[in-house]
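So here's one chain in two forms, each on its own in structure tokens, numbered structure 1 and structure 2.
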Structure 1
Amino acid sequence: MFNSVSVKNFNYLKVIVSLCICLTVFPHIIYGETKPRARDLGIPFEGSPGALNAITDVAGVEVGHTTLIAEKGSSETDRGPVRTGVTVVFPQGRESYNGVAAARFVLNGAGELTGSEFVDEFGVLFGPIAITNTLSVGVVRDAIIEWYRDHAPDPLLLLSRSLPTVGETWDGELNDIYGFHIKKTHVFSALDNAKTGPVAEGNVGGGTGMTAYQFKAGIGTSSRIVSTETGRFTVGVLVQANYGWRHQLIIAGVPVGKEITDLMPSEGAQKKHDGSIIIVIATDAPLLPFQLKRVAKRASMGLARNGSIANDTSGDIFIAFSTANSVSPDFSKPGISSFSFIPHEAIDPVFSATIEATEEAIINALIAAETMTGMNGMTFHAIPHDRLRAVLKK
């Protein structure tokens, strides 16, 4: 459908795709000023966010989205509707082929994060983290390798130190997931357009067709600044949120899901697969790989504060990296390297920051998402901002 092959009656589609790309690449221009985020609604969160309250507050981090939205019949395959995409996070920007100290934690493993074995074994993450829909992990992975082949100074070296890191959640309630609509070119686009600055949230990138607590959800982000005697550090979190049942939803300690019990997804949707969440934690605090595993574990605790129980069939997989500890892929050449780390007095603030930013990033995903109708006409509603405000005031 999204092939380069030009077909006459695809103009409608092209407009939609262009609009999507436009919205994705320039969200701050189009609606950045006006679209409220969770704390704009007065929801209380602990801690101090960075300037953007986004993962990109960690210097060097770049995020790219490709958002695919098209109706059935708009392509030659007669499949659809399309409500999906891919999001990429580069720890040190898309032009860096160095690795960063990293670790992952699996709270519940009903999911996938390719490339994990390398991260576990070497304690280092090379290349971007990509997040997409469950069935497109393969094409996204192979596309990243092809992109390396065409861009990296020494692809073989890079691939002997890493394989692409690709996570997923299931958007098959809104998206024609079995249509395999994501193509390599969509991945290249997300990679090529990754950038610093504000991060679009909600129905964008990998989060396009995602839902949480039976509301529409998707991508969310947040950050925290921690000041310690050792120094000032930033922790940034980006989530692709696609999990949970309505009654579980807690916001700022308030059981919101028990207050707003209507606006449920249309018939049929609520009994499906209970979803997943991928959480990416970035920091400039110097941390060793095993310390980053400790940080990744804390994302569980932020998630818990929003009411999640890490449902049985949920893929709750978290990955944390430190931009302060970087290595060249050529770490086979003689010579001793080193990784630095903060003392224990500074670790607890980083733990707190991770929990707080995870909690807020999830709520940001909910607040930014907009009502969407997809497969079989199913609709997932946006959480109503005014009613949420009212519930919290009570």
Structure 2
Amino acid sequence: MFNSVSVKNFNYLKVIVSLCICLTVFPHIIYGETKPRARDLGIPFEGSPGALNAITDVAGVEVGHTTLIAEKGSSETDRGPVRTGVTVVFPQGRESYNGVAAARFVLNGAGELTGSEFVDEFGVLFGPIAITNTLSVGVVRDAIIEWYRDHAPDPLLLLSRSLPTVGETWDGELNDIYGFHIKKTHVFSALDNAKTGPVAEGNVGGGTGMTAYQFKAGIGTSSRIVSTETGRFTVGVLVQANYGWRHQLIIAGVPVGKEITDLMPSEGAQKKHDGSIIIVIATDAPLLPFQLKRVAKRASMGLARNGSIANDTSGDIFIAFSTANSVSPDFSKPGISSFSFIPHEAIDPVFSATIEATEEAIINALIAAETMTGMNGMTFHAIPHDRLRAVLKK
């Protein structure tokens, strides 16, 4: 029989265990994120997510958003409506000036990722990855350089930030994209407010005006914990999803797009060209740049699990980086540098984690998104959670 002390301790233990379960399965409850996620609806996914089930489960990664939603721009002469924004991902946080090993892969090239030639040439990424709308790539790129001009402590560090990495997808169905509503101050805000912890999803940041499978979509994220013969590592993925036709949508192997055929956007939106997706993959597994390119390629398979065929006009561009090896921005220093890396025969779990986290991040973007009306009264509906549950049960 328990005495009073042991019962009290047992109750404390139950509370602690309950909190641990909530933190693992529903981290948004602990951290104040109120939007539902795919797992909250009972959607089954393979693999074990990190504590936050987000790209920020990779230690050091910080994410910042600026979200712009208004009926007009900031001045009386501005056009509207405004449904856009910018998202930034710092591989090792704002305070780090070192580079990280990186690689990119292009599945279909109807899109843009600035600075990618540098990544291809040197296998290194310096500074953040930013994602925005197609016509704001230039101002975001310029703003990142200006932000570092005012923050970098010396010219060498500033020089290493002179080729920013900025990706894009088209939000012109909901946003007055030709109004050029994103200004440098909006980019500065995303950079200044980047942080670790839970990552907002859906109609936020660069994903504010984005759509997928003719539902409202946007930003989504997920992560996986993997064990290899050489250690235990984390893989995190963040997507800006803006692609696909309804009939293509598959969730957890179920042809959801063929079951939910209503709630289509207005006629004009149905005739648009297919959009694009930017996928950012982070890991703390020590990988060489060419290994990271192999990892980036696997995002294609996560995309395919949700029904994408990388349509003709879609820009499907992926970038992967590893935080395990830091690179000095001073290439003029003599001497031999070294990277640690896991052997090829131990990399399969990282491949699987990338595929699984990509698949889930995209669905999280759909689940978190909310119905939005924009240009010319055009409306994109959020995927209905109750009907989605019913289809999955069926």
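FYI, numbering is relative to structure 1, first residue = 1. Here the rigid core means the biggest group of C-alpha atoms that line up within 1.5 Å when the two forms are laid on top of each other. The structure displayed is predicted, hence computed values, not measured ones.
The form predicted in complex with another copy of the chain corresponds to structure 1; structure 2 is the other form.
After superposing the rigid core, the C-alpha of I355 moves by less than 2 Å between structure 1 and structure 2.
Remark: with the core as the superposition reference, the CA shift of E345 between structure 1 and structure 2 reaches 2 Å or more.
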